[in-house]
Ligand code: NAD
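In structure tokens, one chain follows: the form predicted on its own.
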Amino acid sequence: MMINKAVKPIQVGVLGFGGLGQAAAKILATKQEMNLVAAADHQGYIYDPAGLNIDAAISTYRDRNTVGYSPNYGVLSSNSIQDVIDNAVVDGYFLALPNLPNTFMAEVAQQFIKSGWQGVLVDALKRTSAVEQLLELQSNLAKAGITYLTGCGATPGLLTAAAVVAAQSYAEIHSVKITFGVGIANWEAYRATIREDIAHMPGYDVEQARAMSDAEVATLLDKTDGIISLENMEHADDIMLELAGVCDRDRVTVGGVVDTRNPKKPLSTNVKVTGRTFEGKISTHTFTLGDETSMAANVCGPAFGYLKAGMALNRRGITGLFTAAEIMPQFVK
């Protein structure tokens, strides 16, 4: 197959510019096949068709809490997502947004559908119920000319896709167990992500976690020595593996440990796939991520790999909703 090396870089936008959005921007700064041209936060957006000055955008956000104050290209807005959709020419967006409330990502998808925008959307959604809401929009996304890939982070995402590949050795899958370890030096760099994790803790839900002030989060983390331990989470790996035909969702379990005060992972992130081979043998495949890879690397890297794959589908007229368990990501150079 001939490879055209002169293809124009994919024009990318990032919605959400907290810890995950900034990490996504830093990753794109190293890529030739993608060009970050737009970013939006809850108070404004920035759009430069020639490509963003990523260091300057991050500095502006950290100093003034929004990229809207960026010189020349920043725009302050209380409706930043809609405004960037309307005013920026973008091929694909990474939705690095907190899914708080649990309906938020589906509402953002509906904004794109109603706007008439066409292209690729990728998210790193966690909750099963959030993916179920997007499944209800499948036909609307297809008609709108949008190729939407959901659950494309680390888990769901990278580990879910690895489980699909690992499952091929077996005639029957008995269990898929995903265990993650996350280490971050300062929880405030990932406020939204930590709140989503708190929402999975016993005694908490999405609305309670969303309503917590920074001081209340800090108090909770003081009580746990900065550790968040999570078991039997509502994680979309289950529905994604079920849709892919790997196993029923009740055979999938997800849990892990988040250390909010130490960049070193408290445990290694892995997925274990146990099944029966056609010869009748019971075995387990284990895929373990390197401890040196950060949460941001394992979330944003796959997200852009899926965005590139989504662009290939979209250019062939293939639209609608897909999950990370259905499509193989493509490496972004």
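Start at 1 and count along the sequence shown; that's the residue number. As the structure is a computational prediction, the values presented were derived from the model and not from experiment.
This protein has a second form, the form predicted in complex with the ligand, left out of what is shown; the following refers to that one.
For the options Asp259, Asp83, Glu196, Asp91, the one in contact with the ligand in the predicted complex, meaning a heavy atom within 4.5 Å, is Glu196. Within this chain, Ala309 is remote from the site of the ligand in the predicted complex, having no heavy atom within 4.5 Å. Taking non-hydrogen atoms only, Pro98 approaches the ligand to within 4.5 angstroms in the predicted complex. None of the heavy atoms of Val273 is located within 4.5 Å of the ligand in the predicted complex. Using a 4.5 angstroms limit between non-hydrogen atoms, Ala303 is distant from the ligand in the predicted complex.
Comparing 150 to 158, 167 to 175, 131 to 139, 219 to 227 against the ligand in the predicted complex, the single stretch with non-hydrogen atoms within 4.5 angstroms of it is 150 to 158. Taking the partner from elsewhere, every residue among His42, Tyr61 and Met295 has a non-hydrogen atom within 4.5 angstroms of the ligand in the predicted complex. Residues of 185 to 215 lying near the ligand in the predicted complex, listed in sequence order, are Ala189, Tyr190, Arg191, Ala192, Thr193, Glu196, the criterion being any heavy atom within 4.5 Å.
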